[in-house]
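First, one chain by itself in structure tokens, the form predicted on its own.
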Amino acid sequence: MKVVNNPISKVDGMGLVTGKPAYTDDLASSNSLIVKVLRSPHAFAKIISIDTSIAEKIPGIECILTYKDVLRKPFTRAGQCYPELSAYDKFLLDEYVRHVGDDVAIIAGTSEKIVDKAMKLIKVEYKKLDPVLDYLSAEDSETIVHPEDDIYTNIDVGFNKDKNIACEVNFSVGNLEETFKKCEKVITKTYKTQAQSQAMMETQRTYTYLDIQGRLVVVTSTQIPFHVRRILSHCLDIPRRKIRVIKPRIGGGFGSKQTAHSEFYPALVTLKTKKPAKIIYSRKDVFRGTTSRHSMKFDIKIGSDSNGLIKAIDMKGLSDTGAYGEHAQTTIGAAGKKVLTLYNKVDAVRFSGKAMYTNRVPGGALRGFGVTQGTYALEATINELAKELSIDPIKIREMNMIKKGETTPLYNMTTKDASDDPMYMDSCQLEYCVSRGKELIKWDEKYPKIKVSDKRVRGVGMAIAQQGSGLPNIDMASASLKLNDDGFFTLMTGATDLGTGSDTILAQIAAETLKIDVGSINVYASDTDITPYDSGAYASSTTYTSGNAVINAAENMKKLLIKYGAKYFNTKETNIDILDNYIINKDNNKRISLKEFSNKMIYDYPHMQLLTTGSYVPKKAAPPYMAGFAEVEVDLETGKVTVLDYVGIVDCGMVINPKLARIQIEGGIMQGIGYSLYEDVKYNEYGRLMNDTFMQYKIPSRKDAKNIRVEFAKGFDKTGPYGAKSIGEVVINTVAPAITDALYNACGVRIRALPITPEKVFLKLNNK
């Protein structure tokens, strides 16, 4: 291969680092109305009255909208398959506010100063209600977060608003009770994970205007342009053909922009005033008015024989979905389906999970999407089982983890079509990941700990993880290729580049298929009027799902080039080849450049534009795997934990672009370190978020991890584009359980509720 598996720089990299206008706010017109949202100061309240009369008189104020001014129609903001698995429990504006930061009113004016002044003059009378602030007791609470009767679900997901249950997930294999009776060792543990902010650099922002035909044009920083169009059409009650969504460059998302947030407000203003409008979220708006990772609690029971062969796993999960249920079912479901399938030797396994409504900021998509939480709980418990059996944590995994060529009943029950043959993990390189990571971290020399001094001690820990490559039989991607005059191609794709470099990767895949140089491919992405449909950038789907769609489009283009190339050379199609931007007649070795050929196609006979489309829907799971190894140093006087070394070995199949893939791994590990040690979403007794800026909410810098080393397992998945699987999410999942066990091995302190703060460690060290 000439293009795939090469570390090509991002096609847009130079433009971005030199500050070329590319992001949403860069593209907004200078006369756009400024839009802001008045947000609730209360966790749960009913609006008794809103007086906007004084604010509306301020010169420059164009409109102020309250729940009385907008259509009442329930919807979900979650960007996911349709019909969605999330409850339709949100309104554009409502008389109830369900968390501090919920929407109360929309203000639009000619300047930010004017809008800020008007916002202060809006008088709102609230009837405060008792909030539900603890998801662990939400089901038995007398308070119902959603007392309204007009919310619903399109699909039965166990929704029960009167019990504050957004959804339930249950599945099992085997006879759990009988299997546990036969186990020689049974342990039961509880692990908790906290909420986490996505902390992307570019906040949510949207610019809207009406085009010459009166259609609503929405320019927005989103991962889900086609879902945004559908959601807006539903809640605004206008046809989809009247909406165009354009995705410019995105300054990061990490899942936050898999939920529609900022799009509604300027759209409403533009539709009312007929003027362009824009909204730019402040960092406080992001913290209070969007989503965070779901807090979760897991009770896990594991049974094994005395040698460590795991026979039974029972996993009960509880999730805090906050005020609204977007992504509630899919995240708690992923915490079981994409976690328990790591271990395929078990005779019986059961997962049960509930997502509970509370009066907190809603939970949403974040890299790892429930798998991160579930992996932490399961892998940490596996490490505890190994310790109780006096077995090396690596050995217990080598005995129990899924290996190449094996299958698991759970995958075949929860993922595939019932009529399909069993799915075998033919590309699984997890064994290599574990053995190579063990070698790099020097496990045998360092396990379990090394005493540095009377005040400092070091320990090592490890974990394994998997994720998905898109959602089988659900996700769908498509791409189009157009041969232009002068011999270059336009690749049109609905896939969204989040800053990960997917435009570059898809261009590489197209170039490899067409046997041309990557510089001959121009990528045009994510415009619902122009580019073909794509589900969106989530579920680790872009390289795998969209990449396969690009291959299909490119193969169709090759057929056309061969067909018309044969006519040009007056020969059989079997004599035609394409190589290095030339069409070649193998019969006599005559050739014509694509530049000359395309000019003849368009300007001369047959006067034809060559345009092809390809689509792809994954049919089976192609999970990536990872083994992570942490070495930490613990300050016994302060409880501070420092990650000295983290080794990540990833099986993502064929690596399309090693440079971009390496950055994904390193970034995911850093995000995992933040989740493990620093980041915590804290509320006060009234449900107010306490750390809603980066002054209070701590995320790690590169200095907070002394050394990160990553490598790729040499793998190939026959269903992936050129053998590739996904990489975006799996890279975060091993970090928390590996660090947790490294801490325990170093000093005997076991933390079962993230984050692992110095205070928690210090108190444990001193038995307080």
Partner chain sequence: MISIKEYVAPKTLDEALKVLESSKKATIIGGGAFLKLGSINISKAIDLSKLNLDFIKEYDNKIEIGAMATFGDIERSKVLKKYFNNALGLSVKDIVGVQLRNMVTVGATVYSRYGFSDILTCLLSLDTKVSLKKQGEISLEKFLIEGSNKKDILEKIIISKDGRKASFKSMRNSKGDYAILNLSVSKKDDTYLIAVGARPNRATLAYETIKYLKGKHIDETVIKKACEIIEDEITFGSNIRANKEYRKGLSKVLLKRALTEVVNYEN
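Positions refer to the first chain, counted from 1. A quick note: this is a predicted structure, and the numbers were derived from the prediction, not measured.
Here the subject shifts to the form predicted in complex with its partner chain, a form of this protein not shown in this document.
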query: Contact label in the model of the complex: D704 to its partner chain, heavy atom within 4.5 Å; finding: yes
query: Partner proximity in the model of the complex: Y524 to its partner chain, non-hydrogen atom cutoff 4.5 Å; finding: no
query: Its partner chain contact in the model of the complex: E431, any heavy atom under 4.5 Å; finding: no
query: G748, heavy atom within 4.5 angstroms of its partner chain in the model of the complex; finding: no
query: Contact test, all of D116, K455 and M690, partner its partner chain in the model of the complex, heavy atom 4.5 Å; finding: yes
query: Partner-proximal stretch of 488-496, 212-220, 678-686, 308-316 relative to its partner chain in the model of the complex, 4.5 angstroms, heavy atom; finding: 678-686
query: In the model of the complex, the one of D426, E168, D635, E555 near its partner chain [non-hydrogen atom within 4.5 angstroms]; finding: D635
query: Interface residue in the model of the complex among K120, K590, K128, K559, criterion: non-hydrogen atom within 4.5 angstroms of its partner chain; finding: K120
